[in-house]
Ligand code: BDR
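So this first bit is one chain, no partners, the form predicted alone, shown in structure tokens.
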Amino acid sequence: MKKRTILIDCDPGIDDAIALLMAFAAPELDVVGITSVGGNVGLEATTRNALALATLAGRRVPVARGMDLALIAETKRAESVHGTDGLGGVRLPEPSYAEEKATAWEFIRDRAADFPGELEIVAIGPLSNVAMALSAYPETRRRIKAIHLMGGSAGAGNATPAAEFNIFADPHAAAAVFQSGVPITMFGLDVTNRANLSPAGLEAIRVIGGRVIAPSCAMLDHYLTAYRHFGRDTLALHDPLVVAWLVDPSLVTLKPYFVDVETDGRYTTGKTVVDVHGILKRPPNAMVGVELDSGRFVALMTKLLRSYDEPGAVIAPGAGR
């Protein structure tokens, strides 16, 4: 079985944390790097969280620090959802290794050169780092196989009535990525809001136990509390859906659409304009998720998280703290 070669650009973040742990566990994926970006919380925390999550997983995946601020727009954070540390106050093992000296955009350039035509970018935070890499190093565009991103929506937003958080956090970067010519798969709120985990489902995972499931469920407890403040009693596992789809593409139905990003609207800045009806007569530039088998998604996520305690699994440094 040929593995998919992926680089994860992220802002951990609770749902990012679950996505990273799933990716590390998936035998179908070869995670050749992580780049951190400011988003859910600031860059210092997202970088440290990426290192700590890799350490928890018993992995030593290179982590490169990226952009903390949006390219042009005012910086946005989501600490009310993820906590000030990004992980809901859940303590993880101390990172067992240091971040890379290269910047995130240099690291993306180098990994694309190392794996030309094979590297797939899994972008589950604001798109600042990806836009910087594609702009600063145009040759990188033709070396990247695809960009799979969690962001946007054909319908309503969650950061504003129109905009989803990852796109709203850096709309100019998102616009540059959609206009880059690199093949894009977009997992917006239309499908990620269906990647649901109920409180009963969370308890069913918790009783399995394990060195990765225990802290994962503790983080999701914090996440559920935030969702209840918004009047919702189920979790939407946005970022993990992208990783699950990489493992099993049959989970999500995709359709080709032209997508652009509003950057100067009075009420709609950060809105992904998905031309569902072909009104603009522009060729599709993205495959957009429209339907999801949520039950199979939860089953796959659970399988990957529990795999850390199977016979022969790697034991993480400092696990059990």
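Please read these numbers as outputs of a predicted model, since none were measured by experiment. Throughout, we count residues from 1 along the sequence that is shown.
Below, we refer to the form predicted together with this ligand, which is not included among the displayed structures.
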Contact residue in the predicted bound form, from Phe178, Trp245, Phe165, Trp105 (heavy atom within 4.5 Å of this ligand) = Phe165
note = With the partner omitted here, the residue among Asn196, Ser135, Ser96, Asn158 that in the predicted bound form has a heavy atom within 4.5 Å of this ligand is Asn158
key: Triple contact flag Asn40, His82 and Leu189 to this ligand in the predicted bound form, non-hydrogen atom at 4.5 angstroms   = yes
task = Answer with yes or no whether Leu127 is in contact with this ligand in the predicted bound form, where contact means some heavy atom within 4.5 Å.
result = no
task = Flag Arg111 as yes or no: does it have a non-hydrogen atom within 4.5 angstroms of any non-hydrogen atom of this ligand in the predicted bound form?
result = no
query = Is there a heavy atom of Asp239 no more than 4.5 Å from a heavy atom of this ligand in the predicted bound form?
reply = yes
query = With the cut-off set at 4.5 Å between non-hydrogen atoms, does Ile121 touch this ligand in the predicted bound form?
reply = no
Which of 113-121, 140-148, 210-218, 231-239 sits within 4.5 Å of this ligand in the predicted bound form, heavy atom basis = 231-239
